[in-house]
Ligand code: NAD
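Just one chain is shown here, as structure tokens, and it is the form predicted alone.
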Amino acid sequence: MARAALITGSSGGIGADIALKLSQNGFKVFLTGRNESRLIEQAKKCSAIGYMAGDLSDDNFLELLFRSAKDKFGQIDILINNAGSYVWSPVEKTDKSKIDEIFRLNLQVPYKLCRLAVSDMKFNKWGRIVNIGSISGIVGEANASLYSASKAGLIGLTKALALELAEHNITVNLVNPGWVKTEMVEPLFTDGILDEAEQMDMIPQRRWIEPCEISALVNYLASEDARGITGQSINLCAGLSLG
């Protein structure tokens, strides 16, 4: 029986690559993101069972999304919490509205989706939750303290839920990518906020992480082969976490 996966932030970037990889490996996928036209295009590429466009920070949409995915699948076996937002700002200049926005999308939404998904996973005695964090949540990032704090919160959530759910054959893990050149990151370089060559020089492998590396790891963590891996925070960062 093909396992069913709900993947947030899957209209582009890392989430789209995860959806495609899972689909290619026999998983059924349900996509969600803000951009409906891109979701439609991505759903075709990965033969998605369904998709829904909307704002995850809206609790009503979150409930509707979960019910819709469950109606399509019958049950949700795998939850991939990939959606997130980034803000670059010195702490004293951070817009107050961004504080709620970043913590809501990067930390509260994953928690709320876990809350919705876990009951069925317990009943079925099988489940996989994979949270997508950031190396910034591990080592910290100057002028991105808000983002770093929200992603660091996923470490605690992952460990606590892994302990809570282990006896039910549910694993919970966190993948922390380093620099990945997605649409979220590109403006930092093109707008001159960060110097691309300088950032590259800090990466031991002197390269960017590719989305396909992340999707391959997520695919493994979602598989039966990874049943003994839980509560782990895995840094996929080309050595950036080594200092």
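Keep in mind it's a predicted model, so treat the numbers as computed, not measured. Residue positions are given as counts along the sequence shown, with the first one as 1.
In what follows, reference is made to the form predicted together with the ligand, a form of this protein that is not presented.
Of the heavy atoms in E63, none are within 4.5 Å of the ligand in the model of the complex. Contact check for I132: a non-hydrogen atom falls within 4.5 Å of the ligand in the model of the complex. Taking the partner from elsewhere, I49 is found to have every heavy atom lying beyond 4.5 Å of the ligand in the model of the complex. Put simply, A83 is close to the ligand in the model of the complex: some heavy atom of it is within 4.5 Å.
When contacts are defined as a non-hydrogen atom within 4.5 Å, none of F103, N173 and G231 contacts the ligand in the model of the complex.
Exactly one listed residue, out of V185, A216, A43, L194, brings a non-hydrogen atom to within 4.5 Å of the ligand in the model of the complex: V185. Residues with any non-hydrogen atom within 4.5 angstroms of the ligand in the model of the complex fall in just one of 195 to 203, 50 to 58, 23 to 31, 66 to 74: 50 to 58. Applying a 4.5 Å heavy atom cutoff to the ligand in the model of the complex picks out G9, S10, S11, G12, G13, I14, G15 from 1 to 32, in order along the sequence.
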